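First, one chain by itself in structure tokens, the form predicted alone.
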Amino acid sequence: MGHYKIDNINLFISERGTGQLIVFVHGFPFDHTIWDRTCNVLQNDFRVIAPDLRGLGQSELPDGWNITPMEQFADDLHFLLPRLGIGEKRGEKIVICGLSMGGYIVMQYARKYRNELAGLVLCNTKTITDSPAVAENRRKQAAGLIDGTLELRSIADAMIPKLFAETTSKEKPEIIQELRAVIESNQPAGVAAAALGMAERLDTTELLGELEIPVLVICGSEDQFSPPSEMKPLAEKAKHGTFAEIPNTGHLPPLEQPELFANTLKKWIHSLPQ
């Protein structure tokens, strides 16, 4: 674990294990810790890296920075990896996995840097743009965070009831409290900048049909934000797509069912062309 400087800011990463590299990209408004349980399962088989994105968790946001486009997050990851000695070996490629907002980011990574990828994982996410109403709500949310009329606690209150499967809510309350602490301890300016970036993102659905790399689309069976009925068609759209549904989970399978999520991911990675 540690901080690495790129573009005059410090980005924090969690790193463990050896072997095929998997980069895990967290969602909004979280940090790298949502991947901890999954990485604990995978670290004996792979090199796993989970960064805090710009302005979130322990990573910095530049002074006066107002909006973080999804492309900027992808560029940050691209320039971070050589600092970790990744890409120095000829032909070395990575698997990149993005959850929710992280999915928007890894699609931008695939758009710009697809030659660096051995595989792409879309977890509980979308490829379409926000509706006008959702985009406007993100802008209001960002404005409230900046002027202090909205607290991260209120964002947690609104999001958490929709994030988890019923089984998780009943049997794993500690996970819910853990996530609440992550949201409430985040950086308001960084959360606001990410919200504005999501509101401005473009549709990447057609890109799926252009990619020559394997794509895993993985989804919680009870996800209210990106249900299986919306995610399965993404796997069908991809040239080399695979769909997997994780039972008894909502929007956060890596937290709710980390072993099943990790083993599903492991099996798919072992199937990739060598």
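Just so you know, these numbers come straight off a predicted model, no measurement behind them. For every residue, the number given is its place in the sequence shown, counted from 1.
The protein also exists as the form predicted in complex with D-malate (MLT); that form is not presented, and the subsequent description refers to it.
Trainee: Can you work out whether D-malate (MLT) is within 4.5 angstroms of a heavy atom in all three of 27, 100 and 198 in the model of the complex?
Mentor: Verified in the model of the complex; spot residues all in contact, yes.
Trainee: Considering non-hydrogen atoms and a 4.5 Å limit, which listed residue (78, 172, 180, 138) is close to D-malate (MLT) in the model of the complex?
Mentor: Exactly one listed residue reaches within 4.5 Å, namely 138.
Trainee: Find the only residue in 152, 86, 159, 189 having a heavy atom within 4.5 Å of D-malate (MLT) in the model of the complex.
Mentor: Partner contact (heavy atom, 4.5 Å) among the options: 159.
Trainee: Which of these stretches, 144-152, 180-188, 100-108, 114-122, has heavy atoms within 4.5 Å of D-malate (MLT) in the model of the complex?
Mentor: Heavy atoms within 4.5 Å of D-malate (MLT) in the model of the complex occur in 100-108.
Trainee: Would residue 225 count as a contact of D-malate (MLT) in the model of the complex, using a 4.5 angstroms cut-off between non-hydrogen atoms?
Mentor: Taking the distances in the model of the complex, the answer for residue 225 is yes, it comes within 4.5 Å of D-malate (MLT).
Trainee: Taking heavy atoms and a 4.5 Å limit, what residues of 246-263 are near D-malate (MLT) in the model of the complex?
Mentor: Only a single residue, 251, comes within 4.5 Å of the partner.
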